[in-house]
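Heads up, the chain below is alone and in the form predicted on its own; it's given as structure tokens.
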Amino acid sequence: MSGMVIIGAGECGVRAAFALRMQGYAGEITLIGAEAALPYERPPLSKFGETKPICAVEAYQDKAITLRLGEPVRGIDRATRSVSLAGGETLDYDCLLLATGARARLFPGMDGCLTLRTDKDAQSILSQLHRDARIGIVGGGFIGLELAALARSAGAEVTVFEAAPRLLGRAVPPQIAQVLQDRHLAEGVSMMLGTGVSSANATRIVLADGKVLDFDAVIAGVGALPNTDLAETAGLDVQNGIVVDGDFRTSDPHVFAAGDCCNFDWRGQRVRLESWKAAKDQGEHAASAMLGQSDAYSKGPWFWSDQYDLGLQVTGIFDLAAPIRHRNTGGGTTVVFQIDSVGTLRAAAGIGPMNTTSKDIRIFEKLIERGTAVDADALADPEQNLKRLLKAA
């Protein structure tokens, strides 16, 4: 029996399955996951070291969503519109959604390092985080820094190695990165910035200058690669992710892709986002498109990170080579934003204790999604009420 088949039981795949039901689809929905565990949220793995199910198993039963967990997909036959499982079974589909996510990147010479993508990875890492354990972390991005905070909270000695001259060099403006760096230093994390790593394994890091450092555990947080093997083998267009159009349809009209694995157009630039919210939003949008509904995708990129008691939120995509404005919010918070060449808001970021900047960033997110011209000076002026500016836009 044909129906909707979703490969990938992460945030994107799960949200797409439920969105299909919410929008009235009454046919078969099959959600396939390579992991045997009930689908879980990944952000808490690096922030809190815990596993949180996306939905209870009863929710899938209530919506008649068939879960096929612990069953890797062997291949896709586009000619017959079918998916073959590793165990030999074949499933037909009317539409197929690839929500295959991403995997941890490991540069050559880093074999044996711990990485974080799954609940089992988190368990392996947590077992190493105890008082006085010496933990080396390669990479000063979100995952590396969140794990550094988690390790310090457990009492471990932590050293972060970053080849770039500053933390989060491709993700956030320097003003935001500096706040995080200062906090990590205050918590006792050693920061080795501008320090190349030539090789690493489970307990040893060799620096580019030949220096050898030993640890109780070494974690690599040097990015992620999209899981595109199935798409490539099936002959779909793949370029830094599975290439999709505005409806998250691939080069095959019956196959869609969304979440970490897809490459889509965001206001004239091709991007691939590794984001919980993007996975959720794109999964729901792809579900609509699979049912023949075609509304423009307008959700703005949004990221967050919790480190110690600091909450960081980013909306939009910064051009880090262009000027960045500051909104003086006070109260131990930092909010920055960027206007593009035609006067529309491009991106904003805020950091402070817990969720103190979340209301401001939510308004910035809405302004980005509306895509209308804004007054940069008014946004920078703390006396100007952001809600009124949003209504005026």
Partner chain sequence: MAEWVDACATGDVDAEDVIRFDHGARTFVIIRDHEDNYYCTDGLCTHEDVHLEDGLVVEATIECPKHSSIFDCTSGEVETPPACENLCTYPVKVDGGRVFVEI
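Numbering follows the first chain given and starts at 1. Here the structure is a predicted model, which is why all the values come from computation and not from measurement.
Note that the form predicted in complex with its partner chain isn't included here; everything after this is about it.
Within 4.5 Å of its partner chain in the predicted complex, a heavy atom is found for none of Phe248, Asn263 and Gln282. Mapping the unseen interface onto this chain, Glu35 falls outside it, with no heavy atom inside 4.5 Å of its partner chain in the predicted complex. The closest heavy atom approach of Gln313 to its partner chain in the predicted complex falls within 4.5 Å.
Of the heavy atoms in Ile324, none are within 4.5 Å of its partner chain in the predicted complex. Although the partner is absent here, Glu41 sits close enough that one of its heavy atoms falls within 4.5 Å of its partner chain in the predicted complex. When its partner chain is considered in the predicted complex, only one residue from Asn355, Thr333, Thr51, Thr344 comes within 4.5 Å through any heavy atom, namely Asn355.
Of the listed positions (Phe215, Trp304, Tyr93, Phe318), a single one reaches within 4.5 angstroms of its partner chain by any non-hydrogen atom in the predicted complex, namely Trp304. Stretch-level contact check against its partner chain in the predicted complex with heavy atoms at 4.5 Å: of 27-35, 52-60, 334-342, 65-73, the positive one is 52-60. For the partner-free chain shown, Asn355, Ser358, Lys359, Arg362, Ile363, Lys366 of 355-369 come within 4.5 angstroms of its partner chain in the predicted complex, judged by any non-hydrogen atom.
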